[in-house]
Each structure stands twice: as C-alpha cells, then as structure tokens.
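We begin with a single chain expressed as structure tokens, specifically the form predicted alone.
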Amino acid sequence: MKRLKPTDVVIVGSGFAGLVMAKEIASRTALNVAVLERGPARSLEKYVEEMDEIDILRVGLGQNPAEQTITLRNTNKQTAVPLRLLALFHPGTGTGGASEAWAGFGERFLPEQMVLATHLREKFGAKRIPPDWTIRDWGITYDEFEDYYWRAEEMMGVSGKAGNLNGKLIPGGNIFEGPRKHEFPNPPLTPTYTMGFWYKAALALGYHPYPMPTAIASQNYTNPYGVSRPGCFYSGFCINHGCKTGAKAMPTSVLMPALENEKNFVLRNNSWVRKIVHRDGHAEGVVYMDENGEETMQPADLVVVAAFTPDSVRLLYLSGIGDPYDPNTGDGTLGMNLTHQVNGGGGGMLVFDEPLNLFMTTSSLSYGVSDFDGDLPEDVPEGVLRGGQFTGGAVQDYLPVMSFGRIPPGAAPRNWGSEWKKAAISYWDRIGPGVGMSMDTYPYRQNYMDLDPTYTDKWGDPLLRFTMEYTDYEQRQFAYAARMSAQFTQKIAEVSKAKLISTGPGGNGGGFRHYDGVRYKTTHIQGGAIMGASPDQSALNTWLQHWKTPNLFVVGSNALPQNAAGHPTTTIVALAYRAADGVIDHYLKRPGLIG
C-alpha cells in the first residue's frame, strides 16, 4: 500500500457539504485540506463543450451501478437484491456530486422540524403517534440554526421573497415559513405563462401562493466568497444537467472558484475511499484507490465524511465505526432512521389548445403553497398528522427527449408507431403543469441500512442494503395528497379553460403498495448516521461530530433524523456551515468532544 505524506484534514466527497467544509477550514485556518472525490473533474467548460441531453441519458453525472449500487428488500425476512438501474434516486459522482445535477429548490425547513419528536408528542399525544416511529429531535432549535440558513442562502445566491421577516408576515412570500432575519439575496425568478393559471387557482381556493425559493440566480450575483455568476436565461436544461452558465448554484460554480485560490487546498479526483483507518477512538486517515487503481493511505489529523447519504453510512460500516442498529431490539445507532421523501399527487392531465412555450423555464421555477405544510386538523379524513407543500405552475424537466411522448390516454393506440409519433408531436407543448405535494416522511423502527451479506462492489466491498417499506400511514399520505391535488387541478382547469383528463393518482407512491426500486421518488435520502443530543439516541452530536471518534465529522443529510416536506439542500449546506464552525471554533481549540 502506498502511504502519502500526512495532511491536517482529509474530506471524503466534493459536494456542497464537503466543499463548504473545505472552504471554511482552508480560508479560516492554516491547515492543509485534501478533498477526495471518487468521480472525474467537472466544470462549466465541460458542460458547455460536452454535455447534451442524449449524453445525460446514457452516462450523465450519476453513479454507475455496475461499479456500485445498493441492494433492496422490503422486510428483514426477505433476501435483498441489487438494483441494476439506480432509478429510485440519482446519486452523483465527480466534482460537485449530485449537487451539480440538482433542481435548485432552496427553501428552509419549518422550525418544528428541529424538535419534531417533542412537538408531535405535545401536539397530538402519544396515542396518535404510530408506535414504530423513531422520530428524534435534532438537539438544536431553529433559532440557533437560522444564521446558518442565511450563510447558505448567501453563498448559493438563493432567489425568493421573504414571507416572515423578523416575525412580520409579508404578503406574497411564504407567510408560513419560520422567521428570517434577512430578505433573500436575490429577487424571485420571472414567472412563466402557465404559472399565472396556477397562481390564480391557488388564490381562488383561498391559498397563499409564493415564488418558490431557488438557488438559481435571477440576476447577476456575487457571493460572500467573491464568486460572481450571471442571472438565469431560462434554457430549461437544469435538473440532471450541469448549468452551462453557472446561474444555478453548484459546487463548481459557487465554491470551486474560491477554493482554487487557497494554497492549502487540494482536490483529488478519481479517488475512491474504501475505509477510515482508526484506533482507540481516533481516526488516523483514510484508505482509497487512486486514479491508477493503487491502494493508498492518506494519514490525517481530522477526517470529514461528506459523501451522498448511503455512501457515508456505508463507509462507516466498512470501517467498523459506530454501533450497528438492530431493528429487533432498537439498540445501536448506525443505519437507523432511513427515510426517503414521500411525494403524491394526481388529479389529471391539463390539455391546452394553444402552445405554451414550456421549454422556457428552469428546473425549480414554480410557485409554492404551504397552507397545509405542518400540523393538520384532527378531522382530516385520511387521518394523517401533518400535510405538505404544493409546488408547481411551470413544467420542470421539459426537455426534447425526456418529455417526448406525454399524450392524453387514448390519444394514440400504443406507445410506438406513426400515430403515436403524430400525437406526441401534437401534444408536446400543450400539456400543462400538474399538481403534486411533497410531505413529511417519518422514520420507522423497521426501515434501516446495513451491509449486504452477499453482494459487493467492484473492489469486493459489501454493498449497502436498504430495508424499506411503505406502511398504512404512507398510503394514507398518498390518498391525502391525491385528494388535495385533484381539487387544485380542477380549479386550474377552470381558470385556464384547459381540458382536464383523468389519469389516476400520481407521485412517488403512484398508487403502488410497496416501496420499490424501479420508480424515481426523489434523491432526498436521510438518516443512517443521525444527529442528536445524546449518544444513545444518535451517531453524531449536534456539530455532526461522531460521538465515539471525536476527530471524525460526518456531514450531510445522513444527519437528519427524519425528512421534512421541503427540499433538504439548503438545510444540508447550513448544517455544513455549523459543522465547520464546530471544527474551527471549538474542536481545534480543544480537541475532543465538543461540549
């Protein structure tokens, strides 16, 4: 094994979390920082020269399942099988990770998410909470966290409109959000034609629509690191793509330009980390395969794991760090609280007579409605405790290849042939935006991650295994979302004069009973190494420092004990800023567990 010269800090993963940690440590201290990224280099220049929609469909920015995938089963009485196609979520690889190909939604979580276990017990009582939920408080409150949200929004240049500014409700913004101290760094993006119908329908129903916060700049913007990027010009090639102008906040567009000026920073691409080396509760570095396939040891005084959630959890398992979770006894914390966001919708397809110019958009340009995000009345027919947020108005992902073939049921005899092609061309720009709801997603005792006993990756290391299943509660969530979405869709049809054609329930449940690996749900996977106030309830403390290995920090959505209705990226970035403060302001001054 090749052994390198020791470095002060080694960081695994070059997504938002990893590069925020790298930038803060490299710029605020004299420590040498090495970031290891298993995929290739990414850059704006490469996106302009090399990327197109067909290329995205073939190879894209994602992980190759032939090299590493997960195995999946619904219960621990079943044998898990490997996913040969990573369809249910889209893990990234290369500089920036999945944050290069993300949609860009930039909202915050509601304040009660940080204390959800306590909140639900006090609001609903123990009798209404399913006994197999393993919800946890974060160990910190929204008020303690708000400044970190602002640092994340400033760095990414989030576009939006405040709805609760220092406790004052602002019409036109999200009046249901937690109080913020600052207006958004950029004003909202320009709404599209179809968003007008969505907005009018929301008002007609008595809702409070607002422009969804998005980390796509609405105007030229320079962040606190001095990195400038242009405003969006609405080309539509956003999600699953790297932005060709940098208007979308990506690690390569908002962090790498600043890090390249740091003399004490290095990024090593094509470096596949396989193990954290540790002894007597102290991490000593990492072992990885370099670009030539040579096993390499990188000694380090401080180790930060900031990979995609399943990869971070798997690395802890492969390294033997932490107590593996046992769903039968509830003992252990490593692998617990696996969640994957629940989305639902339905209500039908809106067909317009005139072209809509749907290709003029961005992946996160939309209105939001948060009237039902949070606690619900007890008389909700489906019996769910909390609702979710509506997002819509523009059609995301409206790309020539990916969107081709969206036609009303019965418009063509089959999904191929000349008649089908004619219908697909005719309807391509006349089917309006649907309505969907994203909802809180709760952890269960029986849903968890561990290592598969049979299948391995290309290096011979065990794959991560998901044990995950929907329960009756998720089915009731899908039913609630379908009912609410149908009401909303009917109103959009009325105000827009569009033809409404029934298509059945939608969303990532899709009316299916089981959690499966073939339908995309979101890339919002949480848990496995969660944060908390005590080591018997969590793998990490509130600074994302490992309870049993104090010079190891695990930064990312693995730390979230459950999933909120909102998109998690802004929260993940904010957590990274807090973890960086934990390292710099506390750990380095007094090594050991942060009090």
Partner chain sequence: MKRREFILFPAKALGGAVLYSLVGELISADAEDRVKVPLRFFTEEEAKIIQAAAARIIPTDECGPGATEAGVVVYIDRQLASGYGTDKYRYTKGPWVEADETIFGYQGRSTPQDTYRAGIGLLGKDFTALSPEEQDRRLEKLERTRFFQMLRDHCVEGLMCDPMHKGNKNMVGWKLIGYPGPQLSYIAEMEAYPGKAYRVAPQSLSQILGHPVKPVEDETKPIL
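Positions refer to the first chain, counted from 1. Rigid core (definition): largest C-alpha set, two forms, superposition within 1.5 Å. Remember, it's a predicted structure, so these values are computed and weren't measured experimentally.
What follows is about the form predicted together with the partner chain, which we do not show.
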item	value
The partner chain contact in the model of the complex: residue 360, any heavy atom under 4.5 Å	yes
Proximity of residue 235 to the partner chain in the model of the complex, heavy atoms at 4.5 Å	yes
Partner contact for residue 224 in the model of the complex: the partner chain, 4.5 angstroms, heavy atom	no
Residue contact check: residue 535 to the partner chain in the model of the complex, 4.5 Å heavy atom	no
Of 433, 285, 517, 92, the one that lies within 4.5 Å of the partner chain in the model of the complex (heavy atoms)	517
Single option in 141, 261, 456, 503 placed near the partner chain in the model of the complex, where near means a heavy atom within 4.5 Å	456
82, 191 and 429 all contacting the partner chain in the model of the complex, non-hydrogen atom within 4.5 Å	yes
Stretch from 174 to 182, 440 to 448, 349 to 357, 317 to 325 whose residues place a heavy atom within 4.5 Å of the partner chain in the model of the complex	349 to 357
Partner contacts for 97 to 130, taking the partner chain in the model of the complex and a 4.5 Å heavy atom cut-off	none
Shift of residue 536 between the shown form and the other one at or above 2 Å (CA, core fit)	no
Exceeds or equals 2 Å, Cα of residue 49 between the shown form and the other one, core fit	yes
